[in-house]
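Have a look below at one chain only, the form predicted alone, in structure tokens format.
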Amino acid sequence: MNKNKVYYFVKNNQIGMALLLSLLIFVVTIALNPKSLNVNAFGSILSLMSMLTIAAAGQTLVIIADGIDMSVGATMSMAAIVTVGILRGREDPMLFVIAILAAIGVGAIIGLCNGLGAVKAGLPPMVVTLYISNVVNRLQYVMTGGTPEFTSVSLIYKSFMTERLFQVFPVISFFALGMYALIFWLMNRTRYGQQIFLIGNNNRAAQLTGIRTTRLKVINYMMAGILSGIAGFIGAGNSGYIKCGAFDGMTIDTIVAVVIGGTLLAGGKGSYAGTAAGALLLIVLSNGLAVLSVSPSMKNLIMGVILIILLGVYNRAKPVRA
């Protein structure tokens, strides 16, 4: 009976398993390297998790509605470059407002292009968003005149984004908490949230009930772009400098975080709480391997094997389709 309960928990509680695995990996990391238990390390984990959680918010919405966005990383990098390009080391408060609006605008435009290609044109979402990601990456080099990086990050901007409450909790973690509350409300307390789940389960049935599925899917991609733009704005300040393609790796991270948290790639099922738990597991795993001085190639191999196992276990079920 106990074995059955354990099996049921492992198989059907993705969020709980992600949290337990995160705790286990964290404890093992500390046991193998006690020096890793410090305030700075904890704050770094929270910072990286917060940025990934914000970036993965839009990906969650898109995947639930039976889509996928392969341009998250490119959008973040473009938004970060635009942000740093506007600030250029200057401390004018108005420039911060202009920069965040520009990052949101860049994300919205890229998301709209994704939506028009993947929904209006009816092209495969993975192909369209991957192609647009490639275009955005090329535009970064055009914008910088072939120079791969900007280094003139505003000191006030950087200090604000890296500020920690009680020397532990980074400012951006509060951005992430606010984003969590917003996305949770959208997904669970609004008609919009109900409709994207219906679309993911059965697009045709959703159309027959009067849902404007095309418009809603385009909005999803725009939301993903906007949230990626915000994550890029935060990421630029958190890192202190930016270069072309700096956040390209975040695309896969957002997808894996979403799926580990219980969202089906086939659409129709998922939660933002699961995405946050998946993001925590990814960051703790990556941090643990870095603390143990695992080589980059071995780190990628270990993470790949573990994540493939997790994806295989938790993403085989399909949503109900009538």
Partner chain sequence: MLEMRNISKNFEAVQALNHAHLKVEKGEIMALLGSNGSGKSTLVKVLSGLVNPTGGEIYIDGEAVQIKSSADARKHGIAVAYQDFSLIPKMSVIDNIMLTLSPCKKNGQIDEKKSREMAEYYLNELQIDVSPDAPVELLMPSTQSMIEIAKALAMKPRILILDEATASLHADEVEIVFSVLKKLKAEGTSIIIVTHRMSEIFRICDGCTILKSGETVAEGNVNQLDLDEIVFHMTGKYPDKEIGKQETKEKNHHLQLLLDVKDMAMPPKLKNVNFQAYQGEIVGIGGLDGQGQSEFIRVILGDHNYTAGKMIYQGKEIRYKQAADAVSDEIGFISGDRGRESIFPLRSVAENLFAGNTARGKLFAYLSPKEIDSFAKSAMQKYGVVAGGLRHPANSLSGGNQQKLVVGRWIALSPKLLLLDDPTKGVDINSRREIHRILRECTERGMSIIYVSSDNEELLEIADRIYIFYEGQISALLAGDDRREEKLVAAMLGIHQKQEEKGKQDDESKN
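Positions refer to the first chain, counted from 1. Keep in mind that this is a model prediction, so the values were computed, not measured.
There is also a form predicted together with its partner chain; it is not shown, and the following applies to it.
Colleague: Looking at heavy atoms inside 4.5 Å, which stretch does its partner chain contact in the predicted complex, given the options 96-104, 163-171, 227-235, 188-196?
Modeller: Answer to the contact question: 188-196.
Colleague: Work out which of Ala206, Leu87, Met179, Ala246 lies within 4.5 Å of its partner chain in the predicted complex, going by heavy atoms.
Modeller: The residue in contact is Ala206.
Colleague: Work out which of Val218, Ala108, Ile156, Ile211 lies within 4.5 Å of its partner chain in the predicted complex, going by heavy atoms.
Modeller: The residue in contact is Ile211.
Colleague: Using the partner position in the predicted complex, report whether Leu264 sits within 4.5 Å of its partner chain, counting heavy atoms only.
Modeller: Leu264: yes, in contact with its partner chain in the predicted complex.
Colleague: Do Gly268 and its partner chain share at least one heavy atom pair within 4.5 Å in the predicted complex?
Modeller: Taking the distances in the predicted complex, the answer for Gly268 is yes, it comes within 4.5 Å of its partner chain.
Colleague: Is the gap between Met223 and its partner chain in the predicted complex 4.5 Å or less for some heavy atom pair?
Modeller: Judged by the heavy-atom cut-off of 4.5 Å, Met223 is in contact with its partner chain in the predicted complex.
Colleague: Is there any non-hydrogen atom of Ser239 lying within 4.5 Å of its partner chain in the predicted complex?
Modeller: Flag for Ser239 set to no.
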